[in-house]
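Coming up is one lone chain in structure tokens, specifically the form predicted alone.
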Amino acid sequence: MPYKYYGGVHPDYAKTASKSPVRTIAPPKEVVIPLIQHIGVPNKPTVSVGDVVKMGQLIGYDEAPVSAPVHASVSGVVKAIEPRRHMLGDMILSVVIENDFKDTPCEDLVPLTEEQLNDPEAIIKRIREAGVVGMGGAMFPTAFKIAGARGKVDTVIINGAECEPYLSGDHRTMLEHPVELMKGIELIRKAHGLEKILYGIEKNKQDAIDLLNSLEPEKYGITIVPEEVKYPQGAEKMQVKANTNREVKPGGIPSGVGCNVVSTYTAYTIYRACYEGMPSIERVVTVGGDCFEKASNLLVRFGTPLSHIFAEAGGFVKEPERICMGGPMMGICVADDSAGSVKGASGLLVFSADENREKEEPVCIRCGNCVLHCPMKLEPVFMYMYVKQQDFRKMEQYHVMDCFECGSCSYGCPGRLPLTHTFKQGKAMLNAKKAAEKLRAQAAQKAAKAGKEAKA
């Protein structure tokens, strides 16, 4: 039986796309593939302008351990290697490929042998080669995450909560690729060197729970854990609490309490990398919001311009006001629909002005809802006040840096205060302050050293 965690909310989940099978969209004439689609060191291009590339060919790589290579999602000719707009807003060095629509496969990665499929080192190496990252949105390099957890954790949890409203890609993957998914989970278990692995799935996916249980998950070393439906169930710390009753302390990470958490679509991507020799070049994206006639689940190649995805989803029926990458609670606004899709984009939601709940002059009424809803047991009412006052000492005292920006406080605020956005700003302010202090300390140290040398 799953355990309960503090706080959380019950938004309108609006998961109408959960009944829509995944549809593969037509590839675009041109893909724009950012060379950084992960947390860590950016990749360097391994191709040049004019090169003919194959689908799945390595096009960006860095040997740093916290990095993940990128591969061509289509075959064709490299048209440009230049800064292009990333979904997250920055101008990022990208490889632009003109599609020849042949999908000529690259055969550099071949399926692992039976022996390799049982070798933790071979599995982790393949995960690295295939460019697999956290597909739930974090985009942390998965090979590094697993390698760092080996020998330090006794429990691995596959995150099947998919608690964000609208998003249904993981749910459809469970229903459409259940055996492949469980084989991918088994590989994750073997890579960690464990005998058992937990798969937490919210009960609003009962059809998937029933299907997976009917396929004897225990023979893969998997235990299915039906979870209560509550947002933000899919956050790593909440998954740890719900499945093990262990509590990740403020500032800590799951491995600190003996756990590691991997997302559902990451597990499926690992299956494809190891059993099919297919690097990470595409994913299911839920496209929804009131600007579309209906929500859909689309299989999208990385680097596909958002404008092309929206056209394939049927086009807009309302004037768009806001594009959101991810879910509506934790998603990030996208300003340019020419940006190419990336590995961490599980959803693309487009909303009109009709859905805008912002107020020009939000007011705190001291109701305490934000405190009741915060799963980290923080006090958003005071955090908001001290960020606005730029009181750095109080911001640290009230643990602004421990907010993981789930949006529960903003959702439950009757005064419509932009709490989560303000905490993002506060964290950026604290990071900038610490960076400035570090630079001043280094400058002072350098000046002191120079003074000593001058005296000598």
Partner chain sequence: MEEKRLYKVTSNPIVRVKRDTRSIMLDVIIALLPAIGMGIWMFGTGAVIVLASSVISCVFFEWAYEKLMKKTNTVGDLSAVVTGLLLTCVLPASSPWWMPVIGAFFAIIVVKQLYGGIGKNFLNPALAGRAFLTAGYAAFMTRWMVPSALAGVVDGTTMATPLASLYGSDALPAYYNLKSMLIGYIPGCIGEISTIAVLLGACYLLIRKVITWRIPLAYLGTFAVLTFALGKEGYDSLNWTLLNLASGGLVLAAFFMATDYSSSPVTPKGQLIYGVGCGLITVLIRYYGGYPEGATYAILIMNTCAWAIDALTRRRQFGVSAADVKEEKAKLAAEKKKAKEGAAS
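Rigid core: the largest C-alpha set superposing within 1.5 Å between the two forms. Numbering follows the first chain given and starts at 1. Everything numeric here is computed off the predicted structure, so don't read it as measured data.
Although not depicted, the form predicted together with the partner chain is the subject of the following passage.
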| property | result |
| --- | --- |
| The partner chain contact at L417 in the model of the complex, heavy atom, 4.5 Å | yes |
| The partner chain contact at E195 in the model of the complex, heavy atom, 4.5 Å | no |
| 4.5 Å heavy atom contact, V78 to the partner chain in the model of the complex | no |
| Contact test in the model of the complex: K190 vs the partner chain, heavy atoms, 4.5 Å | no |
| Contacting member of D337, E129, E180, E186, with respect to the partner chain in the model of the complex [4.5 Å, heavy atom] | D337 |
| Heavy atom within 4.5 Å of the partner chain in the model of the complex - the one residue of M139, L378, L117, C106 that qualifies | L378 |
| Complete contact of I25, V133 and P217 with the partner chain in the model of the complex (any heavy atom, 4.5 Å) | no |
| Stretch in contact in the model of the complex with the partner chain, which is absent here, among 396-404, 49-57, 32-40, 62-70 (heavy atoms within 4.5 Å) | 396-404 |
| Heavy atom within 4.5 Å of the partner chain in the model of the complex - qualifying residues of 357-371 | R357, E358, E361, V363, C364, I365, R366, C367, G368, V371 |
| Core-aligned C-alpha movement of K394 between the shown form and the other one reaching 2 Å | yes |
